[in-house]
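In the block that follows, a single chain appears as structure tokens, in the form predicted on its own.
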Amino acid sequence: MDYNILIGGSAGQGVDTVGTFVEKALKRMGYYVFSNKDYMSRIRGGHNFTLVRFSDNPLCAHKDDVDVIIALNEETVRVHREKLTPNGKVVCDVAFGKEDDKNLNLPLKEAAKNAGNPKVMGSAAVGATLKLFGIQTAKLEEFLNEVYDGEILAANLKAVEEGYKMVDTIFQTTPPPGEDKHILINGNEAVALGTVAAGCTFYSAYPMTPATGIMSYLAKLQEDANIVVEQAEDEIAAIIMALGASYGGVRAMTGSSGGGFALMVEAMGFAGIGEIPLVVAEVQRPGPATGLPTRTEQADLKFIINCSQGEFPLMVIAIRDVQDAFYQTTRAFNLAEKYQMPVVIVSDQYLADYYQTVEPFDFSKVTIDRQLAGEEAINSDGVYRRYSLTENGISPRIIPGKIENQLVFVDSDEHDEEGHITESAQVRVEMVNKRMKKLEELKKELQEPVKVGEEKGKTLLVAWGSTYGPLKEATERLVSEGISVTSLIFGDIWPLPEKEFIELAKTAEKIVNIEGNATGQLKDIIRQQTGVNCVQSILKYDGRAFSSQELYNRIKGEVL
């Protein structure tokens, strides 16, 4: 069983609210849910829609075919009608529904009016939709009781009841696989929870879609989670605040999207030369400049890897789904402090905003490893050298003010072992070598890409980040048809883990990169680091994410 519901209308009509009603009702029934949003960069008007997919099996991507359209305006019917499956139906009001065997022209507005509030038409539509699938409304009513009260609650409940009476069941559903034991969470929220679990106590940022959700969610948690959330005047201030907090000894993080991250790059270099641990979330949207603020793309990868002037160690982790978002965020803090370097978590609007039912995060799996030194860091001459030359490039780090009579110098100029400014050619070389040694150490604990499909397929597909879910579904479908395919989806991406890829590349007949950008940025990095060339690319840069169906069709049509 695998159904897809589309809720469409203009901004301000309640598309998001109605989508939430559907998500919550299905999730609380015990079904697996995957929902994603397509919205325009405006407060009112335009055309927005939410897709809510549900199944009795785990879901990791959206799909394009739609079984039911909840149309809050006429435009929704016109734009999406062609997506309906052969048995698909449109739930709409009689005022704009044309006579059509696909349309269920229902008195939704009248039902809302009779319920006492014309604004609850969407609830009547949800009631009708649940009935189409033969799903009881008890869990929806339970949710409504939690979020509303008084007349608003009564109107919504009445509208759901009226809508439920308007139609008959059409679709066959199987019982949910079990009780509701999962959480429904999106990528930004998962990053925020990972931040809390990692023991971060300071987050500073300036609002920028689609990264804002991390700050908003942390702000809701700040009292319970004991974290300070600061909205800075701009991204430059945000990252400098985070660096100051980290230098002072607390775990700190900042986040933004491409344009905001562009303002942070000078400070990224400061983190590099000052060896200040820092975690940065870069939630991509299509650029350049303002680009498409509410859409998705994977086009900032090379920019992130090459951010700021000069050369310094940096780690980039592309998160793949909401589970990965939580655990990789906690890992990023430990790596940033162990190697005293900036670690960038790369996400995108698709992953930031889609909701997925997953197993609850296991906080017992999270370790907090501060890697801070104590008095053993003081040399025999009684002097603490913040940038002492060591075999692995990692110097003992103490918290300023914690050890009496010891100073912790920091400077954006080149410096000696104590932190004093220098222009010595010898010291310059020693310090560059010391910092870059960290990358060699880091490479020993890189995580290889996730492998899906055959152990060694004739066709090797490579991708990164949020393409994981759609590619996983597409690959499994291809393999089920007897097609020899293996997919590697990179998470750790800089430095690039090479072992698994090189091993599979030796036997693959064709290597194809799949990315949400116009130039194949991962392909270039792979060629630069391994000398192996991807012979073909499947790229998408229209501001929308790949669906599993789209990838399946393009792989079969363009590659196989």
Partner chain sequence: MCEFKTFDTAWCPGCGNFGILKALKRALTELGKKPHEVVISSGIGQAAKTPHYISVNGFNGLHGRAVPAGAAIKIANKDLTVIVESGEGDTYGEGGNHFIHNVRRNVDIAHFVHNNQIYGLTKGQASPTTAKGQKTGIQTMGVLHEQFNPLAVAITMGATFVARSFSGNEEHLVSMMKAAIEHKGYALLDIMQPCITYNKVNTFKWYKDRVKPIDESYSPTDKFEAYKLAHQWGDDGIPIGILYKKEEPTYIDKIEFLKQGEPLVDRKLDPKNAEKYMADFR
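Positions refer to the first chain, counted from 1. Note that the structure is predicted; figures quoted are calculated from it, not measured.
Omitted here: the form predicted in complex with its partner chain. The next part is about that form.
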property: Option from 106 to 114, 217 to 225, 441 to 449, 132 to 140 whose residues, in the predicted complex, bring a heavy atom within 4.5 Å of its partner chain; result: 217 to 225
property: Heavy atom within 4.5 Å of its partner chain in the predicted complex - residue from 266, 375, 74, 311; result: 266
property: Residue among 201, 486, 294, 212 with a heavy atom within 4.5 Å of its partner chain in the predicted complex; result: 201
property: Residue 166: touches its partner chain in the predicted complex, heavy atom cutoff 4.5 angstroms; result: no
property: Close approach of residue 27 to its partner chain in the predicted complex, 4.5 Å, heavy atom; result: yes
property: Touches its partner chain in the predicted complex: residue 182 (any heavy atom, 4.5 Å); result: yes
property: Residue 231 within 4.5 Å of its partner chain in the predicted complex, heavy atoms; result: yes
property: Those residues of 388 to 421 which, in the predicted complex, come within 4.5 Å of its partner chain by heavy atom; result: 399, 400, 401, 402, 403, 404, 405, 406, 407, 408, 409, 410, 411, 412, 413, 419, 420, 421
